[in-house]
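In the structure tokens that follow, the same protein chain appears in two forms, which are kept apart as structure 1 and structure 2.
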Structure 1
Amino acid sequence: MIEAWQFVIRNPEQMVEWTLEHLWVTFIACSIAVILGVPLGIYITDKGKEQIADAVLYLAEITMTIPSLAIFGFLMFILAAIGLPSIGFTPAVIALIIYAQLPILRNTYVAIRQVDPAMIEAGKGMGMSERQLLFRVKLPLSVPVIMAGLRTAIVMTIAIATIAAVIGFGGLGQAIWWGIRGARMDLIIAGGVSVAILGLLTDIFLSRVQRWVTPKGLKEM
């Protein structure tokens, strides 16, 4: 543990660079996952789309059971075949998007479905259109659950991004990978502890964001 701390003290610029890379790939992957997952989660909540919802959620759950190394390897093969970068940032981002989908998609679906029908009927009684119901009733009431899914996705992505060092991406996983290759326990501990701290601090920050974006009426419930 002392050796790991000494490595961090001797290499602050390297640790900052790895941390920023880790945060950047997490931000990109989760941003795209939100853009894809939230609209899809809303879409499958419509009546008559129960079978589509079951299929989409089942597929998302299946992807979570696939080992991350297998996903990375598969993406490297596919990207190389179509002429895109097969190592580094590109396959890392795509793999992380895939893994981040389930908590975002599932929480969006569950949140919208669990909105009190009485609130929806009240909105209809006021003459709201389906679009207005979505943006003025359903989504505001769903914010806490959707944000909980986003928090889970981001923290999970921070952890899985560590493995991306195996396919040439940097980040804090680089320290762990170098430590394994060189039998350097100090690097392994420095990288592992840094990822854990980063995940914890991110979750604390997101919990405050979640409370800030939650409508005042829901906070008091």
Structure 2
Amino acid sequence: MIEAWQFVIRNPEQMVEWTLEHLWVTFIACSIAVILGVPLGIYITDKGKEQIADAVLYLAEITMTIPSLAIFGFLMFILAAIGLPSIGFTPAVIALIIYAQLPILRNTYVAIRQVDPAMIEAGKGMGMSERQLLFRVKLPLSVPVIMAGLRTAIVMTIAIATIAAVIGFGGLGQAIWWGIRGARMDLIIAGGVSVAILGLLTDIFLSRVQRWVTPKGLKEM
């Protein structure tokens, strides 16, 4: 415990670098996941796409259950075959994008589907186009639920990014990984504890954000 603390004190730049790396990959992966997941989630709510929606959501649900190390292996194999870098940042960020967009996709779909039909009717009655309906009624009402999905995605991404250290991505997982390989207890503890704290703090922060983005009218009375 004391050694771990000494490591942190002696190598502040290293700890900060790992933390920033961790946050950076989380940010990149989740941003791209939102850009992909939200439109896809909206797309499959269209009428006539129920079958596709069901298959996509089921695939998403199953994919979330696949161990991340298995996904890493699969990506490394594919990336190597097409001549892209098969270790480090590239496979890590791709895997994280895949994982992160699953809860976002699912929650977007659920959120939009559960918008009260009466409100949609009212919007139509006021002469809104499909587009206006989406941006003025459906999406604003869906924000809290989509945000909950994003929260799950971010917390999950932080966890999986830790594992990505194993395939050569940096981040705080690196400390654990090096510690395990070099039998350095101080590194294992420093990495484990700081990743745990990072996860907890992020979750607390996001729960605040979630409350904050909920429109006043939707907050529980």
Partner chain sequence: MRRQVVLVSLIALCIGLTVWVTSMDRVGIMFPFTWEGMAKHAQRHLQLVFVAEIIAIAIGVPLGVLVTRPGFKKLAIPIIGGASAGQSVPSMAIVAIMVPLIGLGFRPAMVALIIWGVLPILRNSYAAINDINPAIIEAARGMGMTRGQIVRKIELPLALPVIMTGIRVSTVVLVGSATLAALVAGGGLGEIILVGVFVGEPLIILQGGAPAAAMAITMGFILERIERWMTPRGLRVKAEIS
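Residue numbering: sequential along structure 1, first residue numbered 1. Rigid core here is just the name for the largest C-alpha set that superposes within 1.5 Å across the two forms. This structure is a prediction, so every number in the text was calculated from the model and none was measured.
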| item | value |
| --- | --- |
| Correct structure when looking for the form predicted together with its partner chain | 2 |
| Core fit, then Glu17 C-alpha moves 2 Å or more between structure 1 and structure 2 | no |
| Angstrom shift of the Cα atom of Gln210 between structure 1 and structure 2 (superposition on rigid core) | 2.9 |
